[in-house]
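Starting off, we have a lone chain in the form predicted alone, written out as structure tokens.
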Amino acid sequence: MELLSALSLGELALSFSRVPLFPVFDLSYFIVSILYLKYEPGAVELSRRHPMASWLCAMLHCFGSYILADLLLGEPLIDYFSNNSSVLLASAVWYLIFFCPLDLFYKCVCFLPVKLIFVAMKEVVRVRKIAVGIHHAHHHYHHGWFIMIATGWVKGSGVALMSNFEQLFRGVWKPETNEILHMSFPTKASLYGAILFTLQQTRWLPVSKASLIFIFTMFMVSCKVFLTATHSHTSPFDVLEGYICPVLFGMTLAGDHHHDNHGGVHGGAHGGSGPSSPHSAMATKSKEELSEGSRKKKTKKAD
């Protein structure tokens, strides 16, 4: 805290935490969220054939985190849809991205320098949602640490966590793409951020909420803008997890890589051909030879 005061970041953090999100930051959040929807295979065709289903998918991308948080806290799931201004703004963005003549709006927001600005502003909204979700959960459960962490987590990454449900509106069912099994960087960062904000809310982390919001927002903006600019799908947490996971959970990097290599594993299981099949056959043959040799030795000794 003394360092923040010396650098005059305390006042900056406090002013930053008071910046209203609607309409500019929320608009950026809606644009990026619906852009990701349009990137999904078959999303454009769905909007032409079933506009209502496409609109529902867009609303889940924009408000899925609120719906999931309300579900956890036992509140009405459609409560946030009473905010007419946000729903109308998100609906306008959905219409322009999917139905604007000549795709002009889509081409403008997809222009990389413009898109990076929207991505950065979306992360501002994400961090603020995590902080607000934990404060809301703390109001209901003062000592429910896990409830606060879960609420903040779904507030920050609810769209990704309920992606399988959203896929059903598009007629797609891919349970192997579950976000819990393959966490993306925003999902992991939201979880870690929820833990930090929970510690701050319960006075275990000696830093003000405004300062934590500012610091974590700068981290999220820097990482997400870099990943988007470089078209990278890696996570800044991979290096740290590579050292911690083997110690805590006995996981090895080689084992995880082999598990994630679906082509090699499933190719050997289903097709019967591929690099894994001869290796498995040789391994099985070696085991059989060893067993046969051991059996002969035992028989000779007995004789």
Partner chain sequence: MASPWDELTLAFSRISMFPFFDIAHYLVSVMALKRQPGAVAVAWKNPVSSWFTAMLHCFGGGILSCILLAEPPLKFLADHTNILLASSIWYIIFFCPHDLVSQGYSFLPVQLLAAGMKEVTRTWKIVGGVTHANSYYKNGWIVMIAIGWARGAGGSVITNFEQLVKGGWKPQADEWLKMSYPAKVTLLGSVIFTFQHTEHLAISRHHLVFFYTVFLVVTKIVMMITETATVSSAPFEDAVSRILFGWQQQISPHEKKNEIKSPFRSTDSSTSKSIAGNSDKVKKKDTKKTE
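Numbering follows the first chain given and starts at 1. Only a predicted model underlies this, so the values are computations on that prediction, with no experimental measurement involved.
As for the form predicted together with the partner chain, it is not shown, yet the points below apply to it.
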{"property": "Partner-proximal stretch of 112-120, 184-192, 208-216, 86-94 relative to the partner chain in the model of the complex, 4.5 angstroms, heavy atom", "result": "86-94"}
{"property": "Candidate site 53, 101 and 165: all three near the partner chain in the model of the complex by heavy atom within 4.5 Å", "result": "yes"}
{"property": "Proximity of residue 27 to the partner chain in the model of the complex, heavy atoms at 4.5 Å", "result": "no"}
{"property": "Contact of residue 141 with the partner chain in the model of the complex (heavy atom, 4.5 Å)", "result": "no"}
{"property": "Residue 232, heavy atom within 4.5 angstroms of the partner chain in the model of the complex", "result": "no"}
{"property": "Exercise: residue 41 in contact with the partner chain in the model of the complex, heavy atom 4.5 Å", "result": "yes"}
{"property": "Residue (of 224, 136, 170, 129) lying close to the partner chain in the model of the complex, criterion heavy atoms within 4.5 Å", "result": "170"}
{"property": "In the model of the complex: members of 70-99 within 4.5 Å of the partner chain, any heavy atom", "result": "74, 75, 76, 77, 78, 79, 81, 82, 84, 87, 88, 94, 95, 98, 99"}
